[in-house]
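So this first bit is one chain, no partners, the form predicted alone, shown in structure tokens.
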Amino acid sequence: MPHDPIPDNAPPADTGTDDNDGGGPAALLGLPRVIGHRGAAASAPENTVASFRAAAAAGATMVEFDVKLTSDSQAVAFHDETLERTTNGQGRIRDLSLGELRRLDAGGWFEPVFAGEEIPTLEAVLDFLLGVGIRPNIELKPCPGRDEETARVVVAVASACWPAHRPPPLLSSFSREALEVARELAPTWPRGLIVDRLPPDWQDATLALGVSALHCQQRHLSPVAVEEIRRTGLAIVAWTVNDSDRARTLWKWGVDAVVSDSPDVILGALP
């Protein structure tokens, strides 16, 4: 059974020089061919305003970023469960309040010039993206046991911050529970299920969740898998692609969009 690739009353998407324009689900969703990963994670510290600024400078028209909740249920852009890899803090992000996180340096680990970058709130990220004309792909990245809460907070914040006349955020997640809640709260917003290897039940799962896109680990994709996914009417997003030749191969197979740490490099590979 084919999927309905886009919500019935979703608004038309803004287009940029890298947007899909050949029809199909990606064009209906307004997906560009290249999506910045955590901003432009090869050029600036991931999930910071500096990284989103670098993505804008590279020409990206959409960026993917992760959102988790603090101990006081504030939505922030952050990937890991713990703080050590990308900040000067220690411990679990779920155990610190927003006020405590604001005192951390989330940039110096990458390069000294980025010292002082904060872990931004979802509100701050969306405000910045609106200002530079970039559409968000918000990955719901719940801490264990916070799937429903994360989806509810993210949808509430994004609904309040993102103008109704703009193409809505794309919500994606590994968490099926989070996607179910997002569907309940924002049924017209596009959603994508993220997978590593294609699970045996991927067709049933994507139908049950009502998603419009399948976000796949690019290493596990093949021409046969891409063809099978396309037959369902789903858009295909491949992550994380930092090699131009690989991007060209994936596009040739029929992948709609690639997520890249280096959107400037991959944009340069567009046919």
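Numbering starts at 1 and follows the sequence shown. Everything quoted here is computed from the prediction, not taken from an experiment.
There is also a form predicted in complex with a small molecule; it is not shown, and the following applies to it.
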**Fill in**
Testing 197 to 205, 136 to 144, 108 to 116, 123 to 131 against the small molecule in the model of the complex with a 4.5 Å heavy atom criterion leaves exactly one stretch, namely 136 to 144
**Request:** Tell me, out of 79, 92, 152, 166, which residue has a non-hydrogen atom within 4.5 angstroms of the small molecule in the model of the complex.
**Result:** 79
**Item:** Any non-hydrogen atom of residue 243 within 4.5 angstroms of the small molecule in the model of the complex
**Value:** no
